[in-house]
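Only one chain is shown below, in structure tokens, and it's the form predicted on its own.
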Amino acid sequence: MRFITVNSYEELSRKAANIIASQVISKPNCVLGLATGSSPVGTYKKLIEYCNNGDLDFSTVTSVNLDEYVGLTGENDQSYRYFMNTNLFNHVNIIPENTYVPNGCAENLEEEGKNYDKLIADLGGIDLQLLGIGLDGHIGFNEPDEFFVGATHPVTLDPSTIEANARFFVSMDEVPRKAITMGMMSIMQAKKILLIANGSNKKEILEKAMYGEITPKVPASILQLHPDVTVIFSEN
């Protein structure tokens, strides 16, 4: 594991974008596992800049996202499909049909999870998976639990996650209580993992996840078992 501490969110975003860009350049038809939330926004802005400057080509890249809220369509401005479209996909030359996000409106979420895992397997797995980390140690929407869940699955969000995500909604009541998330199997089978975190409030959970006991009560702690993890952290 490489743990890189930087001095600013700008530097974090630049370093993360450079790692992702290097993956795309070295394997133009790579599969990128992508994340949402506030942490990767700066990284995506850098990738857009590289693409618009002609330094990066997404035309043969495929992406698979970690998760989606249950009940929100892609047209809903709080859905993760909408987030990805507005923060990355609409601004680079990736083919829309090659961008995948779990369907939170599927009639059968268990079946949707199986189909999503099959999709990832059929693509040959994920070459580089981008992750953030929640204050409770969640990655994707894999919340603290009694065991690690391998498959893509529906999940009831932890109260701390709902509270953290409330800033994106008009009120707490509007925050979805359920989501569908990629499980630990597809995440851990990614060839490379890049985890980014910013803010002094993430320092304690990062140390616990990266250097503490490996336990499903701190979901990100499973990353200690992965052979190729890079963590970039900025307190600012």
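For clarity, every value in this text was computed on a predicted model and none was experimentally measured. Residue indices: 1-based, along the sequence shown.
This protein has a second form, the form predicted in complex with fructose -6-phosphate (F6R), left out of what is shown; the following refers to that one.
Colleague: With fructose -6-phosphate (F6R) left out of view, which of 47, 209, 35, 179 would have a heavy atom within 4.5 Å of it in the model of the complex?
Modeller: If I apply the 4.5 Å criterion carefully, the residue I get is 35.
Colleague: Heavy atoms within 4.5 Å of fructose -6-phosphate (F6R) in the model of the complex: which of the stretches 22-30, 169-177, 63-71, 48-56 has them?
Modeller: Answer to the contact question: 63-71.
Colleague: Would you classify residue 43 as touching fructose -6-phosphate (F6R) in the model of the complex, given a 4.5 Å non-hydrogen atom cut-off?
Modeller: Outside the cut-off, so no.
Colleague: Would residue 133 count as a contact of fructose -6-phosphate (F6R) in the model of the complex, using a 4.5 angstroms cut-off between non-hydrogen atoms?
Modeller: Answer yes; at least one heavy atom of residue 133 falls within 4.5 Å of fructose -6-phosphate (F6R) in the model of the complex.
Colleague: According to a 4.5 angstroms non-hydrogen atom cut-off, is residue 101 in contact with fructose -6-phosphate (F6R) in the model of the complex?
Modeller: Although fructose -6-phosphate (F6R) is absent here, residue 101 would stay clear of it in the model of the complex, with no heavy atoms inside 4.5 Å.
Colleague: Verify the contact flag for residue 116: yes if a non-hydrogen atom of it lies within 4.5 Å of a non-hydrogen atom of fructose -6-phosphate (F6R) in the model of the complex, no if not.
Modeller: It does not: once fructose -6-phosphate (F6R) is placed as it appears in the model of the complex, residue 116 has no heavy atom within 4.5 Å of it.
Colleague: With the partner left out here, which residues of 73-88 have a non-hydrogen atom within 4.5 Å of fructose -6-phosphate (F6R) in the model of the complex?
Modeller: If the 4.5 Å heavy-atom criterion is applied to fructose -6-phosphate (F6R) in the model of the complex, 73-88 yields only 80.
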